[in-house]
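One chain is shown next in structure tokens, namely the form predicted alone.
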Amino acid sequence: MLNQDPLWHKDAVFYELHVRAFYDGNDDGIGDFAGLIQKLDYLEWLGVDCLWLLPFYPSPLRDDGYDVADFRSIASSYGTTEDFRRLLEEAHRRGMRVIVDLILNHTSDQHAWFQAARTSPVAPTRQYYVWSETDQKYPRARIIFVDTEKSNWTWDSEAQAYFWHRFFSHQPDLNYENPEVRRAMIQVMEYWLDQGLDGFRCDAVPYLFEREDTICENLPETHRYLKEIRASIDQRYKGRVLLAEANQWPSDVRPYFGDGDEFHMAFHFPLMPRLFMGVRSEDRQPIIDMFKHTPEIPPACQWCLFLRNHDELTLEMCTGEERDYMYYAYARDPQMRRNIGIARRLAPLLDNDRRKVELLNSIVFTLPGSPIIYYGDEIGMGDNIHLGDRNGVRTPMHWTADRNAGFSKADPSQLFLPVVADAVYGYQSVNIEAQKHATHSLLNWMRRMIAIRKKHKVFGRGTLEFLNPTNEKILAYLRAYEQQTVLLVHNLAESSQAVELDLGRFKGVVPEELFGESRFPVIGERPYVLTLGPYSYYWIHLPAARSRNSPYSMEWSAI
């Protein structure tokens, strides 16, 4: 049964998957709802709480479904609306929720609205989009896809006008100045919520409105509309969640929570590359510095933390120097780079080093926020940088060592993308079946970590206090919630490290390590000494201990 706590999202572990990449239920080479339903038992076994599905709407697939041709339908290759309802019922029966991508900002140029809009200046949907006689309006707005687009305007020969787009030139932006568009998109959301959906990950929300003499991002008009969306949903639907994709600096993301009346959740984009920087440089400062710039959010709201997802590892929120460092450290081959980022999965980014994979997951699962697992990363799947665009990290899931990685019984030539079959990450050795039966596999470790996190609400709801040991290779912090306090210690170095922690306030407490359920020496007046192996970590419960009463805020200095 579903957890009825209205704050369920604060404790949840999210799992992102692409329906067409997960499991093929009808042997046509493309994953579908029928296949996903067959694999819900696996996801329940893993312990995740909420599935995030990438777009499944009808689409020309020039942007892997983010170019939507119909917001109220399902692409035939995925199944039917009835299949989708059955997926929701089966997920809910197992205690899992489901959210989907909603692309608020734009449509495909094949959408019926745009096709009609092109025909005449007085067409009923003409004002559903942003048109101009010149390509000189809004010159301060940056171009987001700098590797493919030269302008935010594209000439349409049939309409005899330029149309506005913040992403690809085949994705015209919707005109949210038009009240009909605002109503239409709320009705789209209500349509899917009426099917039983649990919420939306809303794509590219900073760019909904345009205004001259601005950068056309994060405008007040956008926030007024988002409040309207939230109020509409809250009025009719309980327990649903809205997750914002706003690739911005934390201070610019903060308004998307409003006063608890806009989004329930938002991604913390700038933290992600700095986790990789911290491990590569063996220095905690990039991580701590990011939290110093992260403002307090409303009590019912939550950050979403992740290591990888379906897009490139974005470096948009990095300085030029930081970006160069990340390219040098993680993407020396130009084929690994996409737009302003790195198109690789987690395991290849970390040189397939199991210790680093565990370490970074441990950090994401214990910092304030709800963690997101990208499908396949729980087994250390590899990628294929030669597939172009971002397809290299969207290949079929590895289920078994059988043909097509057990993803489909179709002829291999029919698969929507080839499975990964190289010598290191090939499906013959990296697959779920093999790892389920190996007690100490990455998969079984991930399952155990998820189970431990779910036992302790402190991870989703607790305060955060960084410690400041002299050894800067050690990242240590306290989390506290109600009567529980946990100490998290991470060694960012490839060599063994010792650290002295000032835990004097917990004098007399006997620490308990959560993974091994073993007791450590009692804490005394002197600094508490721990030794950690390369890239190792501790989750330590401090029984009957209380941390200092700091607010749920991250805008402070490490003590």
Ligand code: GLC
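Please read these numbers as outputs of a predicted model, since none were measured by experiment. Residue indices: 1-based, along the sequence shown.
Here the subject shifts to the form predicted together with this ligand, a form of this protein not shown in this document.
Among heavy atoms of residue 111, none comes within 4.5 Å of this ligand in the model of the complex. In the model of the complex, no heavy atom of residue 323 sits within 4.5 Å of this ligand.
Residue contact with this ligand in the model of the complex: residue 66 places a heavy atom within 4.5 Å of it. This ligand is not drawn, but in the model of the complex it has a heavy atom within 4.5 Å of residue 311. Residue in contact with this ligand in the model of the complex (any heavy atom within 4.5 Å), chosen from 131, 399, 167, 257: 167. The single contact residue among 152, 171, 302, 395, judged by any heavy atom lying within 4.5 Å of this ligand in the model of the complex, is 171. Contact check at 4.5 Å (heavy atoms) against this ligand in the model of the complex: all three of 145, 203 and 390 pass.
Screening 40 to 48, 58 to 66, 25 to 33, 507 to 515 for residues having heavy atoms within 4.5 Å of this ligand in the model of the complex returns a single hit, 58 to 66.
For the stretch 233 to 252, the set of residues having any non-hydrogen atom within 4.5 angstroms of this ligand in the model of the complex comprises only 245.
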